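Next up: a single chain in structure tokens, the form predicted alone.
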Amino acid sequence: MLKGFAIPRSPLGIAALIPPPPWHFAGEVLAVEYWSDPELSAYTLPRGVEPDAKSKGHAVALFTEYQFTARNEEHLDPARYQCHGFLVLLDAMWQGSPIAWCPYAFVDNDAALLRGWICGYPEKLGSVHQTRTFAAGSPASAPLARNSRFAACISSHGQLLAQARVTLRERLSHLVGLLDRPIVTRRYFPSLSAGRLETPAVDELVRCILENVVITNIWVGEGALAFPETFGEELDILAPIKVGRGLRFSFSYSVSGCKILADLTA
């Protein structure tokens, strides 16, 4: 009997790209909040999800660097379970409640890619980098201090998709007005059955169940963000028309599963 939570299923089950939940994450984030054209960003929303008229196109771009583990100390396999990522979250509404909708996301390894697809994140492969800080002081180590500057970028297929800069101004005890909405994604797997290509095998709106969320070491300041127009991508339609705060913080959380909000195949 073949075993394993995910593909490839194998005799021992250890060849699977990812182990079963619960999944645990810890890392660093460089983020920039911004406002895009609300009429254009509305085109990225699926059926049933509506723009949040009060937020007027408010969104956040997040550049992440993190490591992962499940039950078996997977973090001791860093080549497989360390990852860099990028995603955009748009303010939106679901059945009258505020949510954060993820229209685009990128990661840099196959394990993270499959985890994302299972959870509904529309992830693609990309190359993500951000300025790091180290315990040893040096001109090469950006300190977490007033007026310190950080940068991040995402590219895919040799093309720049987004770049950000943040100048830190003050440390916060807690995050306000950002990442305080439940994240909603779309689990979408197409069908290859003849005559049914337009009817997906799975099409669900889901909310990831996040547990033990910790956001700490929060610094806020000014942000700068750009989404260049890029061949083969559509991220630029969500380009900033106004940029707000830039942030740098550490995070950890766990994922035990997803809650299905709607079956869109119905």
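Here the structure is a predicted model, which means the values were calculated and not measured. In case it trips you up, residue 1 is the first one in the sequence shown, and so on.
Keep in mind that the form predicted together with a further copy of the same chain is missing from the display, and what follows is about it.
Put simply, L172 is far from a further copy of the same chain in the predicted bound form: not one heavy atom of it is within 4.5 Å. At the 4.5 Å threshold, heavy atoms of L45 reach a further copy of the same chain in the predicted bound form.
The shortest heavy atom separation between G96 and a further copy of the same chain in the predicted bound form exceeds 4.5 Å. a further copy of the same chain is not drawn, but in the predicted bound form it has no heavy atom within 4.5 Å of S55. Proximity to a further copy of the same chain in the predicted bound form, defined as a heavy atom within 4.5 Å, singles out one entry of I118, I183, L178, L168, which is I118. Contacts with a further copy of the same chain in the predicted bound form, taken as any heavy atom within 4.5 Å, map within 111 to 135 to L113, L114, W117, I118, C119, Y121, P122, E123, K124, L125, H129, Q130, T131, R132, F134, A135.
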